[in-house]
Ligand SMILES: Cc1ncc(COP(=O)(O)O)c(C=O)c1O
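We begin with a single chain expressed as structure tokens, specifically the form predicted alone.
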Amino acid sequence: MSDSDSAGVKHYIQSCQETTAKRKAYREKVRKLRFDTIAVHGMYSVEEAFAQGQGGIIEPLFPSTSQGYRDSDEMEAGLSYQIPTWCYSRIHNPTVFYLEETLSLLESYGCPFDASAFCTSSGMAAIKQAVEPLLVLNEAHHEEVNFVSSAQVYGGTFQLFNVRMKERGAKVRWVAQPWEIKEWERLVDAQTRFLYTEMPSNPQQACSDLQALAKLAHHFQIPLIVDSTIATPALLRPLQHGADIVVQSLTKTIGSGGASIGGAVIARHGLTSRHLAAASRADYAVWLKLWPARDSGPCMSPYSAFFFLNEVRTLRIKVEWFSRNTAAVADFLAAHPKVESVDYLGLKTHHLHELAGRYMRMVDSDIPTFGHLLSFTIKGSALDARRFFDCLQRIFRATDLGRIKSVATIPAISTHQQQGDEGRRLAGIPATMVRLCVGGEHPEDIIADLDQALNKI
């Protein structure tokens, strides 16, 4: 009899199977709750609170790097993944687990299927972890690997796809107008591994017809990946519309207080990919966490998870509040003589307003709502844009967004500087563009600050 067949190991496996079955049954009950209730409670029940020792009503922070084991049998069962384990926080941690459960429940809200989440050290780490296994080269077939992405994405994503993935032998094919499904259709072929879009995009407010895009991806038996950072699950749940994977920079709107950096990969169970093995397709997020991420180590800190858990409880309230403020600011900017144009999907004059309204709706209300990010171009030169920017007094100048405090930047010299003139032209980012993320201040005070700065051009 081998060591792994010992009675002790079997005892721990059986005990954990019973615990897992109870948790699965409880999860099914939680999935039937309303969005705000899930955001507030997640999977942390009253029973769970007392099982953790003290009965605290808020998920506890577990800063420990590792778990101690009762004996060698439990250690063997844990380290061979035969039972759930917190063996080492690079792989798994209880506080991070509570956050992952909450995010997966929110992103799959209203879906007939379930999903899992894997939290990472940053939004960029989430994107990298999500896409890399899909781009593994098949040396036996010597195939040229490619993937198709909207060009209207965050500057760091553009760099990751255009430079880092190219270094790994994968070629990105850019879609200049992601709302035009025919552009995608022209670029997809038998060697395409996935489709990727950002909705709405940062900073240009581009969006895609997600249902049409998912249909195209699944025709080729590949996954659709959507960066839904700006919308959050309060406004958009891409899994409902056929997406396979959602990536979030939790640093932004979900973590609006601005105290932590983090990211998440949320994947539906049984995602579509003819290039992945059945074992990884079944529960992609958990597979990522237990295998590829175990080796590369992009883990989230439990301290960050603790902050995000407490931020996500009021997500819908904050997104509704910020969106209302942003709509007022967008109306002001659209009428200002010093402003050339405004990109905000909530404006009825925006060419993507109708498309965005089909997908971006306040959860549990069905009211079209468009978030708190906008961009606008200054009427004049790049120097005029900088002069306006430097005159802001209340709005912070920073390469940040999603904050409870309003924040502005000039993408051409900050977030999208690294992609160069050609890349910015492709993505539609002129030197006169200003990105503004409206926070929780009274909108009249933000409008007053914008007005005084615009009048100094």
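Start at 1 and count along the sequence shown; that's the residue number. No experiment lies behind these values; they were computed from the predicted model shown.
The same protein also exists as the form predicted together with this ligand; that form is not shown, yet it is the one meant from here on.
**Study point:** Partner-proximal stretch of 331 to 339, 344 to 352, 72 to 80, 123 to 131 relative to this ligand in the model of the complex, 4.5 angstroms, heavy atom
**Key:** In the other structure, the partner sits against 123 to 131.
Check your understanding: Non-hydrogen atoms within 4.5 angstroms of this ligand in the model of the complex: do Ser108, Thr232 and Ile266 all have one?
Key -> No: none of Ser108, Thr232 and Ile266 comes within 4.5 Å of this ligand in the model of the complex.
Exercise for review: Please pick, from Thr326, Thr369, Gln205, Thr251, the one residue with any non-hydrogen atom lying within 4.5 angstroms of this ligand in the model of the complex.
Suggested key: By the 4.5 Å heavy-atom cutoff, the listed residue in contact is Thr251.
Review point. So which of Phe322, Tyr154, Phe376, Tyr98 reaches within 4.5 angstroms of this ligand in the model of the complex, heavy atom to heavy atom?
Key: It is Tyr154 that has a heavy atom within 4.5 Å of the partner.
Review point. Looking at the partner-bound form in the model of the complex, is Val145 within 4.5 Å of this ligand by any heavy atom?
Key: Flag for Val145 set to no.
Check your understanding: Does the 4.5 Å heavy atom contact test between Gly262 and this ligand in the model of the complex come out positive?
Key -> Gly262: yes, in contact with this ligand in the model of the complex.
Exercise for review: Could you confirm whether Ile38 comes within 4.5 Å of this ligand in the model of the complex, counting heavy atoms only?
Suggested key: Taking the distances in the model of the complex, the answer for Ile38 is no, it never comes within 4.5 Å of this ligand.
Check your understanding: Taking 4.5 angstroms as the cut-off for heavy atoms, does Asp227 touch this ligand in the model of the complex?
Key -> Taking the distances in the model of the complex, the answer for Asp227 is yes, it comes within 4.5 Å of this ligand.
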